[in-house]
Structures are given as structure tokens and as C-alpha cells.
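One chain follows as C-alpha cells, the form predicted alone.
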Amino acid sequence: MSTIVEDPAPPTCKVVYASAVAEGILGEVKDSIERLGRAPLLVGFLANVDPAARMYASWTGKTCLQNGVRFELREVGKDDLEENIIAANADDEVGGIIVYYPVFGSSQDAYLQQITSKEKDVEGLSHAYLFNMYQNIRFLDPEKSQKSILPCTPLAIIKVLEHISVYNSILPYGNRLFGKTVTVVNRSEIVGRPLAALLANDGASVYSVDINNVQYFTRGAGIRRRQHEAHDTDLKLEDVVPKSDVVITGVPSKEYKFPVELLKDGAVCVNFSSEKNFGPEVKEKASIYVPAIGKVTIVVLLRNLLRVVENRQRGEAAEGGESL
């Protein structure tokens, strides 16, 4: 008597790797370099001994080399960094500047972020860019010819979500996350909070989770407000995750593991931490899982570089036209 062996059920979770997302953005970078007609110079300043910062600098250099962008890593002492940034601001040869943080690990780092010229800030950390981001202002000029710069890692996550069609391209630009509920586990000023604001500005209902509480980012019922507002809540992680279409984590701890049993079936899960926040069991609940985004972040950095160079050119052309 023969035994019928049933085929195992096909896997329901698709794992999407950063390299696939980065490939599409690299096309934009190459097109911009062709339009520019020359290889722009990106200068990176390393003033710490953080191995993660050095690794990021190494990845930046390799990606630049592979894609026709010049990169120069300048290792300087902490006390000399400010002077070196100011000199790079004034150097016409320098197309863009990136500083590998943390440097002092204090409010002095925030000061250094504002020293970098807005016209060369590829990280989108200048006050003008942050103001535009939180206010949902997407251009630098009334003619809307110069796009504002967004921080690299939050923008990389958005590019990932666009790639996997979480963004609904049928809806108008700026409202393409309408109807989506997102939980972001991280509220750092560099990634988590800007990301929650960007997602809410695109129409999502966003729960921003940190060690202290859960905040709710929204453009109001029916996304009627122009920009998001943030509200403190008494909610807990277990209250918001089961109703979330997308869960994004960025907890920089080897010990932290996201409780995947809270996920609703078919949720999209994205990890932007250097650590693995999700265990392998995430594939039993998620429909799409993105384990890392580092390669996308580097490519977005190059995209930002080309954008600041092109913005400078357009600004100079506009000033020249006014003087005629």
C-alpha cells in the first residue's frame, strides 16, 4: 500500500534584500552624473574611533568608487573637526560633506551638524532641511525646482517601502500611505522620529515606540492637515502592533528581539538596526521581511550628493538670471 506524501506548503513570506532596492536608485544616480558631466567629490570626516562609523565610511568609499563618484575620507581630531568642516564649506571642489557621528556624543554634535553648509549637507541634518521635513515642505524654492534633502536612513526606509509597494502609487503623491498603519520601534532624533514624521506626512497612521511611551503621529482624520501632529498616548506595544500593516524596528541591541507573536498575519517587517531585531520566526507571520537596509542608505547618500550639487547649480543659474 503506497503512502501519499503531501507537498509542504509553499513559504508565504518573501525576503527582500537591500541590494535589490539599491539597484533602482543607482540608475537615478548614474543619470544625474551624466547630466552633471563630471564626477562630484564627496568628503567624509571621521573624528572618532567607532568601528561602526569606520565601516560606514568604508562602505561609502566602495560605493562611490563603483558608481563614478569621487570620495575622500579625511581623518581629523575632534578639536579640529569644526575648522575642517568650515574649510570644506568654502572649497568649490567639494560637492558634498558627510560627518561620521558620534563625535563628542553630546549637544556639541548637534552644533556640528549645523556647521555644515546647507548647500553641501548630504545627510539632510541642517536646520532648514529638518524644518522642511517636519513641516512637510518638499521644495526649497517657490518655483519647486530644488527638492529639499531628507536624512539618509529615514529616506532609505521610505525607498524600501516604495519598492515593495507599501506606497499606493494610484493615490496622489504625498498621500500614498493613506489607510496604512505603521509601528516604528525607535524614536531617535536621527532616524526614528524623522521616519515617523515622514510616514505620517505621507498619510499613514504611525505609532512611534520608545522605552518611555508610545506616540501617535497623524495628519488627522482623513489626512486633512497639511503636516503631521504627534500625540502622547497610554498605549503599549501590544496594543498597536496587532493592528499595524507595517512594523519597522531599529533597536541597537543584540539582546533585543521583537515579539513576533504580536504581528498580525501578513504584516510587512523592516529592520534598520545593525543588529537582528527579528528572529527567524518572523517569516511565519510576515508577508514581506526586509532584514537590513544598509546598502540602500549608502545609495541614498549618493542620490542626496547629486541633488545638493544640482540644487546649487539651479540656485546659481537663478541668481545669474536675476542679475541680467
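Don't overthink the numbering: it's just position in the shown sequence, from 1. Every value quoted in this text rests on a predicted model; they were computed, and no experiment measured them.
Just so you know, the form predicted in complex with a further copy of the same chain exists too; it's not on screen, but the next bit is about it.
So, S169, N175 and A292: all three within 4.5 Å of a further copy of the same chain in the model of the complex by heavy atoms, or not?
Heavy-atom distance to a further copy of the same chain in the model of the complex: none of the three under 4.5 Å.
Indicate whether a further copy of the same chain has at least one heavy atom within 4.5 Å of a heavy atom of E162 in the model of the complex.
Outside the cut-off, so no.
Although a further copy of the same chain is absent from this view, report whether Y100 comes within 4.5 Å of it in the model of the complex, heavy atoms only.
No, Y100 is distant from the partner.
I86: touches a further copy of the same chain in the model of the complex, heavy atom cutoff 4.5 angstroms:
Yes, I86 lies within 4.5 Å of a further copy of the same chain in the model of the complex.
Quick one: does I223 come within 4.5 Å of a further copy of the same chain in the model of the complex, counting heavy atoms only?
I223: no contact with a further copy of the same chain in the model of the complex.
Answer range among 112 to 120, 153 to 161, 198 to 206, 249 to 257 for contact with a further copy of the same chain, defined in the model of the complex as heavy atoms within 4.5 Å:
The contacting stretch here is 112 to 120.
Have a look at D91, D79, E143, E75 for me and say which one sits with a heavy atom within 4.5 Å of a further copy of the same chain in the model of the complex.
Contact residue from the list: D79.
If you apply a 4.5 angstroms heavy atom cut-off, which residues in 39 to 62 are near a further copy of the same chain in the model of the complex?
Nothing in the stretch sits within 4.5 Å of the partner.
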